[in-house]
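In the form predicted on its own, a lone chain appears below as structure tokens.
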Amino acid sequence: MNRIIVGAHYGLKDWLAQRISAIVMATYSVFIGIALASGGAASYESWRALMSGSVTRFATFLFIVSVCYHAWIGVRDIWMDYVNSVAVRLTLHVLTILGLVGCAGWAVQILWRL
């Protein structure tokens, strides 16, 4: 018996990407949590000093990209599972991508403005 498998076969790659992005987000959250708990952001000046370092900026950029990619995979799967109309699904995919890119751009602009 031959099984014919159809579909996009996102499966393992997206599962792994979502887990890796979750690890990046969790690590960043712990890092920022420790910085906040130690008084590293008690004032605007100390917050600015914390966020002005190149390592922190890079980590924040990775966090932003991870959040957007993690959200994309999750929302895309919801649209693919529950929206049957191809036209509506495509519209929702495009709107989701535009929204995520807009949020990422806004976050990076805020980050680089410090």
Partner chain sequence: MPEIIKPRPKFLTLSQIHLPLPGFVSILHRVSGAGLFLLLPWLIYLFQLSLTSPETFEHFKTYVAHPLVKLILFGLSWAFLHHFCAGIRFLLLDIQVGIEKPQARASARAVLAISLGLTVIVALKFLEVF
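Residue numbers count along the first chain shown, from 1. These numbers come from a predicted model, not from an experiment.
Same protein, other form: the form predicted together with its partner chain, not shown, and the subject of what follows.
Although the partner is absent from this view, residue 65 stays clear of its partner chain in the predicted complex, with no non-hydrogen atom inside 4.5 angstroms. At least one heavy atom of residue 75 is located within 4.5 Å of its partner chain in the predicted complex.
Although the partner is absent here, residue 30 lies within 4.5 Å of its partner chain in the predicted complex, judged by heavy atoms.
Its partner chain is not shown here, and in the predicted complex it never comes within 4.5 Å of any heavy atom of residue 58. In the predicted complex, 77, 78, 81, 82, 96 are the residues of 77-99 with at least one heavy atom within 4.5 Å of its partner chain, listed from first to last.
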